[in-house]
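Below you'll find only one chain, the form predicted on its own, shown as structure tokens.
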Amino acid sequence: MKITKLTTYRLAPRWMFLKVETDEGVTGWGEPVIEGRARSVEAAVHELSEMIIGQDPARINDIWQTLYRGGFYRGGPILMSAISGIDQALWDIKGKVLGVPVYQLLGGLVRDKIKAYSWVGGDRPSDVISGINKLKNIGFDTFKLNGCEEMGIIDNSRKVDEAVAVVAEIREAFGNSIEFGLDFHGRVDAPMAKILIKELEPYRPLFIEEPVLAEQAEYYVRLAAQTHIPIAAGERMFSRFDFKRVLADGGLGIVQPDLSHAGGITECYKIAAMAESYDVAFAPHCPLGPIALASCLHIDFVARNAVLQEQSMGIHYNQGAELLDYVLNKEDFSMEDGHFYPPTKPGLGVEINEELVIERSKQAPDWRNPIWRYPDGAVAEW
């Protein structure tokens, strides 16, 4: 079997799908994208395709190493996201050829189900109580919300009080009948992160995500030393080589690689194993589409340290399409009591509505994150 063609489809809300075709008619699907930079990743996919056209899709490890090491410059969000989507598609092909789900090729199930959590609120958290109530009614009891709005390097007590008030309101309304993580989204610098974490600790959030940017990872261990709340990070780390430093330094309680950014199934399987050796939990980042989610689930079901799975159903970014709009076998992604169950179909287990994908891709929007500024006009982290 030989790879014959790679086709990309940019789609609403902010996704990109990849179809990899072979000379024997077996096709695989992947989801290579960086939110807001889909065209850049698309160009990278097609540049990399010259390395794999004509190659045997079964040689996933060799193809991965060729894509990663075949260029003098490597790593980073664009190239690693391109590799991720190609890798996902190759695993999809392998599973279809052998007639089994991908997790069977990785040693089989280590669990029977995985807890999912749902986003609530938007970029500027508001009305979270009604949002949680709606999601509770369909079976969710675990959530994530943005922990704050823009926050200055040194900011005032009012900003801190506003952030804490939202969390206090949630605990007052629901007690410990629910759990929630707080995503600082890299909006907070180290001086304010220390203050915020201290003030939030009495409300016992499940975790604090990206308390500072990955570029400031040396602070993870320092922040962890001052709190009992697990520190989570990893969506802006793009290979096991990025993760090895933070794992060796300590501080993280949860790693969150994104299977569409951090080298796909091949690489994230290794990252999960590395994290397990440091007694660190694994919770893949996935505010994306159905192929990315399916890829995450196959790792969740073979990694013992997997604890939670993010998914984008109803997320505030989903303008123009929802998680399963492009999926034919929607029933295979249904949840029961807030849990996903193992996919049963061969490969990734996602049957893509290709006709709809082709049609919608003709008018795909170019999603961009907003540019925020502080009151003094300086650019703030979003």
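The shown structure was predicted, so the numbers you read here are calculated from the model rather than taken from an experiment. Counting begins at 1, following the sequence as shown.
Another form, the form predicted together with a small molecule, is not on view; read the next lines as being about it.
Residue contact check for residue 35: one or more of its heavy atoms lie within 4.5 Å of the small molecule in the model of the complex.
Using a 4.5 angstroms limit between non-hydrogen atoms, residue 235 touches the small molecule in the model of the complex.
Although the partner is absent here, residue 87 lies well away from the small molecule in the model of the complex, with no heavy atom inside 4.5 Å. In the model of the complex, the small molecule lies within 4.5 Å of some heavy atom of residue 310. Contact with the small molecule in the model of the complex, defined as any heavy atom within 4.5 Å, is confined among 165-173, 237-245, 180-188, 69-77 to 180-188.
This chain is drawn without the small molecule; in the model of the complex, the residue among 205, 287, 253, 121 with a heavy atom within 4.5 Å of it is 287.
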